[in-house]
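In the block that follows, a single chain appears as structure tokens, in the form predicted on its own.
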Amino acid sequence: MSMNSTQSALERLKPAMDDIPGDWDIIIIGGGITGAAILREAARMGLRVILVEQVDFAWGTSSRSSKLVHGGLRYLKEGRIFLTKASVEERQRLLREAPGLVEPLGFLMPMYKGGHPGRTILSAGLTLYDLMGAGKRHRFLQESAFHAQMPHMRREGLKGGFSFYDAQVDDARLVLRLIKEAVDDGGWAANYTAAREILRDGRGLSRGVILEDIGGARSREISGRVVINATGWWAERLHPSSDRTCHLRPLRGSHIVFPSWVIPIAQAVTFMHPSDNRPIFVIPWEGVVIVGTTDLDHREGFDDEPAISKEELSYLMEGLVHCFPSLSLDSENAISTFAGIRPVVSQSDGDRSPSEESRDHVIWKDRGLITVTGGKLTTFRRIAWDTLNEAFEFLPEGVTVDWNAPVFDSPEEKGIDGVDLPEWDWQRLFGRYGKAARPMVENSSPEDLHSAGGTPTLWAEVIEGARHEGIEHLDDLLLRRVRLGLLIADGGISLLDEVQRRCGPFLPWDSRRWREERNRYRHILEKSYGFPGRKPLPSAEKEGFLTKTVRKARQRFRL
């Protein structure tokens, strides 16, 4: 414990390679939701723990999810009652503990003539869903009442539908809050730091890893009592499954993001795609509307960022147009796309459809190396507990889990005298930043407490990401610390001059580095957040013209 107390929290987040201590209780590889949750729980237990991530925190699936914290209603149909119950319990816990980060979300589910499953089965499933959560929340709406709540939805054959509740989250901010609170409790976290090799002693026991600084290409060894592999879809690269019948099956889920004026809905809706009867959802989130998701085998390289395919774009648009025929929807009106890879563990030898595969997590051990993969975003804490339970035999005696401790530290949620922020903004900031929200606002100028680009994001949040949250690149800032890259039609390119003006004093970048970062960011947007076949984003020379054009468009639509 003494080595942790000698460093400040800022020094323990993204430390220089030479500043990382050499001896640990736990070394976690992987900076997604699972790794972040294990780090948070291990730090709470007083262990010497470090997390290393080869790219950025939440770079993979954990910033590209469907943004839902849900109980898994469809798992009831598959008879997975215990998975659903655990998910619902964790959803309710997160709603209580992190308002502003995890928020309730109303859902509508239409029923059409000849559709399956029928009203009786759905009603029974939703009743059980309610009993696992906060009491009865669902109800059936007759056709006219349903249409009044979702007026643009296809009315032909509509018999009515159900209203129920789940929850949604900013997934990347969830990961960052877990990591930052773990660091506040003495943990360490280093992004752009790869674990190149698992080290073993003469008996074959894991004894540490070789780290490499991605930016500086420097390497060194660190030792640990136990190494935890929480690398998602990369897990079997580092540690192949010990069960020949159980292997990772990477499945891609892609999404389209529309401005809210294109699909004007006040709550989410889920419906069956006309071509394959798979559930598709349309959800309002952060002032935009997300449409998703696909579910298919990902066969491209794992080292590149995933992206939506032309076929997936067509598939989602087909379902969307079928559902909302009166809106004349076109993908040209969309803002952005994103795709994530689910690290699903399969025991089916590929004979099941992707949607039939289990979403349970699995853990396998190999002499001090513990691999955990699979699982749902909602149950991240239970996955962390299960993983740490497997690690106890390697850890100091007397280490225990506090099963009743809250997931997050509770900030003192009060406003600041003289700061004119709406109550919702305060709740949003406390939910996303915890105890860091107050000093962030206190250190902000009045102009920093205004919206960035007409989004719910404040400029103060952009500055906080650049100043205190360990970014290495511009995409870390605009795609994960804040989500401007998803929420603005040009990915925030029209705001880059303003981003540089406000964040430049806190980043060690000269004018050449800023140009490189802009070009890198533009390339990432085009390749992984854009649209197949759409014209590329403007070059740097045309950014000034684009800024003026977007500004006029925002004024026109009052964005």
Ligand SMILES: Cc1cc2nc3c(=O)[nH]c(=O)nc-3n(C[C@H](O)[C@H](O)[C@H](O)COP(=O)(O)OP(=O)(O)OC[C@H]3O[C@@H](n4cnc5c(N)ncnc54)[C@H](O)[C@@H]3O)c2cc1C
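Just count from 1 along the sequence shown to find any residue number. As the structure is a computational prediction, the values presented were derived from the model and not from experiment.
The protein also exists as the form predicted together with the ligand; that form is not presented, and the subsequent description refers to it.
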Only one of 523 to 531, 488 to 496, 48 to 56, 506 to 514 has residues with a heavy atom within 4.5 Å of the ligand in the predicted bound form, and that stretch is 48 to 56
Given that the partner is absent here, does residue 234 sit within 4.5 Å of the ligand in the predicted bound form, heavy atoms only? yes
Considering non-hydrogen atoms and a 4.5 Å limit, does the ligand approach residue 66 in the predicted bound form? yes
Does any part of residue 178 reach within 4.5 Å of the ligand in the predicted bound form? Heavy atoms only, please. no
**Message:** So in the predicted bound form, is the ligand close enough to residue 40 to count as touching (4.5 Å, heavy atoms)?
**Reply:** no
Interface check vs the ligand in the predicted bound form: of 320, 98, 462, 195, the one with a heavy atom inside 4.5 Å is 195
Among 91, 428, 255, 481, just one has a heavy atom within 4.5 Å of the ligand in the predicted bound form, namely 255
